[in-house]
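A lone chain, given as structure tokens: the form predicted on its own.
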Amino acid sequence: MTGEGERLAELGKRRGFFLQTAAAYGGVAGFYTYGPQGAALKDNLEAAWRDRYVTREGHMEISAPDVMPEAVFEASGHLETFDDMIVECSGCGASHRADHLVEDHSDSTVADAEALPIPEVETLFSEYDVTCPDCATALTDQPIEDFNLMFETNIGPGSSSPGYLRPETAQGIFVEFPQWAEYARNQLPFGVAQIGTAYRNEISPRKSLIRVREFTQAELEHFIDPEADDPPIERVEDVTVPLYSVEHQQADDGGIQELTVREAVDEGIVADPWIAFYLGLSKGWYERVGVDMDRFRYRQHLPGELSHYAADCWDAESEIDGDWIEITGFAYRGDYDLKKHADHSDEEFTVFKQYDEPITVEQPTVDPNMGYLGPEFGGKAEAIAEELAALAARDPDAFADETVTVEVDGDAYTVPVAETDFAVEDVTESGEHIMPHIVEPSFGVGRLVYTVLAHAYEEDRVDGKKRTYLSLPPEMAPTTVGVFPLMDKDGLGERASDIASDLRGTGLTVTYDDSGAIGRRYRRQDEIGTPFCVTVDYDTVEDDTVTVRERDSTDQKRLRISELPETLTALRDGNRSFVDL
């Protein structure tokens, strides 16, 4: 950890943003505890996300359990495919993530080793003489293997009911889809959102909050009819987005393209309009919460790094310490998840789509004569009848001759067509069952916390002295206002305490501080990002006014106490500007 990382780790612990869990017992890699400031910042980010992606878009929000039965993850494919590459050092026994070692030893010349197959990574181990970062033992001859990242547990006593801590919150949405569809009155499109904890048994957690074993996700699963539902692209078509496409990543002179959402769709750079819509919608949200747009881009996944479920995927990335960090994934998951759960369960994961007017269609049917099939085929009769029905649905021409042949358990059975009672009937249908496709924006809340802190960190000089402050948007700041008495005597402390209490009563987050010189108190609030400070002085006693100081500029204004609640609320919500007071 260097540069920004070191500064943030020191600030995070000293000022109560985040710290390593269980430090009294030596700490545990990949787990962090949010302190008072960090928890408040995280809550504010989540509230802003909920406002943007749930409330304003009219979606529903749910909260599913962290532990789910094994069958869910068998169906989703996580037990089979949710792997990272692991290598074990023969010298010290430490385990490391192989793709990270390649990237580190190549000085980031190899930027996406995660997308490479194991044989190629083994070749790169030899090319770059990869060694163990703990003891410097050569790792070039050590086997590289897949390691499943799922945390396993048991549900109830014993081991008869295995379960897993969820590696993503999404499966808790998918597995209950039939119920959500009912709540949505089977009307597509609709979205289901969730903010919750996910768990991944990372091989080598690193970079503070960037790669951890327990983290918070904010995910939206937007269910659409791929044949009929178009996004409201006109809402964001003029938004300019910084795109780093596959083509530009693979080109020698490729770079970020600044295009409007409409241009990105029309030129086919973002192939799916739904993904483009969410890229445009989200850009404004990132700006709102304090992501520096000069250190931000949307990067398209290379073919080798696409998830097993994704037809296309773009990552929102922020730059920290010279590295680009994924903070959100925007994926078009198709019908992969619902189809998997439909195949593995007894539920229907479809929505009934009503036609504008009923239609008449020809429908092949069979009603096999079991009085013939039973004596003729014995125990296979029922299976043969089922295969005849399936064949009629998919290939009615197979019944054009006097006999029809079906296959059961690898054996062929020939049945007279007359004994199948094959017919083609006219059937009136009022609609059809369709399996929705899924568009998923998935946000890493911890990485957003880290990004916002890194991008807000500023240093300057005030009155000839160095000052550190967090230039957080007021809406995101853990505390909106600090209230100080100039001195804790002559009734100033009591007056300031009353003001702090009254402001809390209006819903503002307030801290009261009467310790030390006033300049030192300002610095303490600056360092945790408090945007406004109110000072009660001797003029307050005379005219019921106070000094209000703005964090970034350190400018001060004089306001009446009666104006404080409305004014500070408007400043926090962005409805007023400090310079206009």
Ligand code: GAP
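Remember, predicted model here, so these are calculated numbers, not experimental data. Position 1 is the first residue in the sequence shown; the rest follow in order.
If you look for the form predicted in complex with this ligand, you will not find it shown, but the lines that follow are about it.
Asker: In terms of non-hydrogen atoms within 4.5 angstroms, which of the given stretches 136 to 144, 460 to 468, 210 to 218, 368 to 376 touches this ligand in the predicted bound form?
Answerer: Answer to the contact question: 210 to 218.
Asker: Find the only residue in 176, 112, 319, 326 having a heavy atom within 4.5 Å of this ligand in the predicted bound form.
Answerer: Filtering the options by heavy-atom distance leaves 326.
Asker: Have a look at 299, 96, 200, 437 for me and say which one sits with a heavy atom within 4.5 Å of this ligand in the predicted bound form.
Answerer: None of the others qualify; the residue that does is 200.
Asker: State yes or no: in the predicted bound form, is some non-hydrogen atom of residue 223 no more than 4.5 angstroms from a non-hydrogen atom of this ligand?
Answerer: No, residue 223 sits far enough from this ligand in the predicted bound form that none of its heavy atoms falls within 4.5 Å.
Asker: Is residue 190 part of the interface with this ligand in the predicted bound form - any heavy atom within 4.5 Å?
Answerer: Close contact is absent here: in the predicted bound form, residue 190 is far from this ligand, nothing within 4.5 Å, heavy atoms only.
Asker: For residue 275, is any heavy atom within 4.5 Å of this ligand in the predicted bound form, or not?
Answerer: Residue-level check for residue 275: no, no contact with this ligand.
Asker: Test of understanding: in the predicted bound form, would residue 170 fall inside 4.5 Å of this ligand by heavy atoms?
Answerer: Result yes; residue 170 sits at the interface with this ligand in the predicted bound form.
Asker: Scan 425 to 464 and write down, in order along the chain, each residue with a heavy atom lying within 4.5 Å of this ligand in the predicted bound form.
Answerer: Those in contact are 440, 442, 443, 444, 447.
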